[in-house]
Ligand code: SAH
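Heads up, the chain below is alone and in the form predicted on its own; it's given as C-alpha cells.
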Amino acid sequence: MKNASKKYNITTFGCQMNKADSERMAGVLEKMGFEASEDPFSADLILYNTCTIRDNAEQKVYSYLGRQAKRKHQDPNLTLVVAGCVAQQEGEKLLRRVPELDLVMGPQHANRLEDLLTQVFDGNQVVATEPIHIVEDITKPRRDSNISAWVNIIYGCNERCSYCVVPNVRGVEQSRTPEAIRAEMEALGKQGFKEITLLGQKIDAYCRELTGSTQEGRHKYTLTDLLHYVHDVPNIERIRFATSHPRYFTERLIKACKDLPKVCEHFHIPFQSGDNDILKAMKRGYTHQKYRRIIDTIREYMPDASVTADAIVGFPGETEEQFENTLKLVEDIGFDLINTAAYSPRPATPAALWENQLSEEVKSDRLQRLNRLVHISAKSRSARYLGREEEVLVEAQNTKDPNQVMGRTRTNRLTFFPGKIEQLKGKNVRVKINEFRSFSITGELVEVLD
C-alpha cells in the first residue's frame, strides 16, 4: 500500500466516547496501511483526539500541538490532524492559530477519516466541522483491549445544560439501529471479546429521535428494549452502559438490569450538584430528591450494585451552604467513585457569561474538600468486599507489580491478585478479597471459572 511503513500516533483526551472514536480512527489508518507507533516523535501522522469539556484539557492540546508544529518545519511530510471536540469548537480558527495543521475534523466525521486524508494527501488543508448524519460504524476499530470493547449506540446530545459545551461540539442526538448494534456485538463475540460497554453521551435517550414524537411512538424502543434485544449475543459475558442522565433514568431500566444476568451491577449517573437551586441554574431538569429516589430504587432491586457519578463544584453563584448540600448528598448516598471537577467556563455556554463567577481559590478549596470525602466514601464502599469471593474478568498485568494481574468485578471495582497474565488473560476467575483501598481491592485466586 502507498502508506506502507508509515507510522501514526493517536493521543486521546477526554471521555469514553473519544476513546471509542480513537479506536475507530486507528482502524481507518491501519486499513490505509499505516502502522501504530508509541512514539509521537517518530510517527509520520500525528492525530490529537481532543476534549473541550474543561479548559485545562484544551490547553494541553495546544501545548502538544506546538511541539509537533515545530517538528513539521524540519519535516514537511509530517501530517498533523486535530480531531474531536476542540476541532469542532474552533474550526478554521485552529488553522489561523496553528497554520501547520493539515486536517481539522469534528467528532461526527470520525468514520470519514480516509476520505478527508485523501484530500490532504492531494495537497489540501481540510476543515470538516459541518453537521452531518453520522456515518454508520462501518470501520473496524483497532481495539486497545481484546477483552473489553466499546460499542456506540447513540451520538450527540439534545440537552442544554447551561455549563456544557457537548451539544455544540457533538451535535444532535443520532441513534444507531438495534440491528447494527447487535451485528457489531456479534462480530466482537466471534473475535473473542467478553465484555461490551454500550456508549452514549446521554445513553438513556437512545432511539428517542428514531421512534417519532407521537405519544404512541415515543417509547416504541428504548435502552431497556435494546438490553433485552442484545442480551443473548453469543460469547459476550458482560454488558455495561454509560452515561446515564437522572432525568431519563427509569425503574423499568433498573428492573431489566436486575433480570438480565449479563448486565453488570454498576450504574454511572452524574448528579453534578446536591443543591436544587444550583441544579436549576445548571438546567439539569431534576432535583436532588429525585436523584436520591433513583439510587434508593437501584439499591432496593440490587443492594450490592455500585453507583458512580460526576460532580461539579464552584458553579457560578454557588454559596458555601449550597456546596455543603453537595457534600451531604455524597455522604448520605455513599458512592463507589465520583469524577469531580471545578467548574470551568466553556465557550458559547450561558454560564460562562454570568457575572457571579467564583474565584479559582474558592473552587480549588471546594474541590479538595469534596475529593477528601469521595476517598472516604469509596473506601467505605470497598470495605464490603473484604472476605468475599468476587467474580473477576482478567484484563491485563499489573503495571506496578509483574507478579500480579488485574481485572474488574461485575461492579467495576479494580481488582489485583497474584497470577500469570499469559495463563489468565480473558478468563473469568473467582478471587478471595483480603485487602481493600479507596478505588481498588486485592485478593487471592480461588478458581478459574472458564
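Remember, predicted model here, so these are calculated numbers, not experimental data. Residue indices: 1-based, along the sequence shown.
Although not depicted, the form predicted in complex with S-adenosyl-L-homocysteine (SAH) is the subject of the following passage.
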| field | Answer option from Thr222, Ser306, Gln108, Gln272, heavy atom within 4.5 Å of S-adenosyl-L-homocysteine (SAH) in the predicted complex | value | Gln272
| remark: Among Ala342, Leu95, Ala128, Leu329, just one has a heavy atom within 4.5 Å of S-adenosyl-L-homocysteine (SAH) in the predicted complex, namely Ala342
| Does the 4.5 Å heavy atom contact test between Ala87 and S-adenosyl-L-homocysteine (SAH) in the predicted complex come out positive? | no
| query | Does Ile312 reach S-adenosyl-L-homocysteine (SAH) in the predicted complex if we count a contact as any heavy atom within 4.5 Å? | reply | yes
| message | So, Arg54 and S-adenosyl-L-homocysteine (SAH): in the predicted complex, are they within 4.5 Å at any heavy atom pair? | response | yes
| Does at least one non-hydrogen atom of Cys164 fall within 4.5 angstroms of S-adenosyl-L-homocysteine (SAH) in the predicted complex? | yes
| note | For S-adenosyl-L-homocysteine (SAH) in the predicted complex, the stretch among 385-393, 46-54, 66-74, 403-411 with residues bearing a heavy atom within 4.5 Å is 46-54
| Candidate spot Gln174, Thr197 and Arg240, all three touching S-adenosyl-L-homocysteine (SAH) in the predicted complex (heavy atom, 4.5 Å) | no
